[in-house]
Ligand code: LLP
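Before any questions on binding or motion, here is one chain by itself as structure tokens, the form predicted alone.
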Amino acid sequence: MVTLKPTNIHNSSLHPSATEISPNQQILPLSVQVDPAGQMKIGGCFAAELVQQYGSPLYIIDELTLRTACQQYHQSFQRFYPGSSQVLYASKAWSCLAVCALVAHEGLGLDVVSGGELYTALQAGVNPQKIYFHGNNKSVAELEMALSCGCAIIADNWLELKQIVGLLPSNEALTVPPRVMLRITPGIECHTHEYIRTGHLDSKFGFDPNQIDQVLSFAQQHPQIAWIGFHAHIGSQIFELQPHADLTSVIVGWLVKANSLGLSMNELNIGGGLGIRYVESDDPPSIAQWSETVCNGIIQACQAAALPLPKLLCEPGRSIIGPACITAYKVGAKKDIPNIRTYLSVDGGMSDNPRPITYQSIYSTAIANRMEAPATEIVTIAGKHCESGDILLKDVALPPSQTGDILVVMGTGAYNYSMASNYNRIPRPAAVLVHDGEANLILKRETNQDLIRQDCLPRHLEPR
């Protein structure tokens, strides 16, 4: 079952810093409370009232949960790593002005993977010195944008290295050498979905480890570039700590090799990948446990190699934004197929959450206006799209539901909005940020006019 049970409702009147609640280990956002009438409140706002005001589907982000995750990463690295460190938010999980500005306000930098994400980060006021630009096939225009703003570039392949070098003579605006980090595939397996494993050798990302000598030789030949260090990433939604511990010794070994060649690299980015609790059976490590593992691993590997501690970076995304968001839907039609299945349809689906149909992802759910009612019905939550695979949750226990009820799905902050589409020409939802009883709109709901704003109609097809 993936249905929310009352045991998941914690006492949110206690501040997380006092109880050391790790947001990624919670199904519900930290501020969620249930009033005596069984109504869900998040950030001090009733979920049903938010839907009434802003419509549905609606992404609802709990500011307390989001800030707490940022603070716990920052504080954990300060606690466990005596050297310099920088936590980066992997903005591909959710990139918009408000989220970028909020994480930057908490002292985090940003990991971006496209010119659009870089533009968003800059427009949100993020310091380009704290932005690191990823991607396995950056365009020349994206590289020019990165060079001109001064963010770090994480080089992924030979073509990119050559393009960066080729762009330098024509870029007169550069007053300091561009900062370039090298991404190497570490060859470490972990238990996660095939689509989100990026550390094993058969991956589109990064240089093969057997190419490191050639890559470092290339770096030696181009001193006009500030070669700052190495990056590696082993995947996403990982519950194991050992693969991350294994990564630390591998990546420090690369740094030892680079320094032996006279390349004064002093940064290591160990990626992210910490999983979150989508359903009760999930048991991820806490943010502090993950941070302690990678920090201690780097410290021990550097001590063994008699190497000064480098600047240590990490780039969590899902574990920062994922638990902070719920998606609220209105319940619509109900179809009962005797002895087979009961379908409960909602007013969203695969266009606002493509992860179930893409990754077979599972979630926890509840009826926000009936939180304490007995869950006596087994239903399958169907989306409204013209696609038989548009199923959000299969065979979940819920209270008897009726048209107009507010169904909420937890843990929808990571990759739901960022992967949302206009399939069936359905406008993307609005998003609100809630805190202390106040809701702020951070994404407007798209309109039908928005759907056609890029359409072009040839003259001979114009209406007569």
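None of the values given here were measured: they were computed from a predicted structure. So that there is no doubt, residue numbering starts at 1 and follows the sequence shown.
This protein has a second form, the form predicted in complex with the named molecule, left out of what is shown; the following refers to that one.
**Q** Tell me, yes or no, whether residue 46 is in contact with the named molecule in the predicted bound form, where a contact means a heavy atom of each within 4.5 Å.
**A** Although the named molecule is absent here, residue 46 would stay clear of it in the predicted bound form, with no heavy atoms inside 4.5 Å.
**Q** Please run the contact check for residue 273 against the named molecule in the predicted bound form: heavy atoms, 4.5 angstroms, yes or no?
**A** Yes, residue 273 lies within 4.5 Å of the named molecule in the predicted bound form.
**Q** Is there any non-hydrogen atom of residue 231 lying within 4.5 Å of the named molecule in the predicted bound form?
**A** Yes, residue 231 lies within 4.5 Å of the named molecule in the predicted bound form.
**Q** Would residue 330 show up as a contact with the named molecule in the predicted bound form if we use heavy atoms at 4.5 Å?
**A** So residue 330 does not count as contacting the named molecule.
**Q** For the chain shown here without its partner, which stretch in 137 to 145, 382 to 390, 273 to 281, 116 to 124 has non-hydrogen atoms within 4.5 angstroms of the named molecule in the predicted bound form?
**A** The contacting stretch is 273 to 281.
**Q** Should the three residues 56, 348 and 431 be counted as contacting the named molecule in the predicted bound form, with contact defined as a heavy atom within 4.5 Å for each?
**A** Zero of three within 4.5 Å in the predicted bound form.
**Q** Pick from 130, 370, 179, 355: which has a non-hydrogen atom within 4.5 Å of the named molecule in the predicted bound form?
**A** It is 355.
**Q** Taking 4.5 Å between heavy atoms as the contact cutoff, choose which of 316, 186, 206, 323 touches the named molecule in the predicted bound form.
**A** Of 316, 186, 206, 323, the residue with a heavy atom within 4.5 Å of the named molecule in the predicted bound form is 316.
**Q** Counting only heavy atoms, which residues in 102 to 132 are within 4.5 Å of the named molecule in the predicted bound form?
**A** Read in sequence order, the lone residue that approaches the named molecule (within 4.5 Å, in the predicted bound form) is 111.
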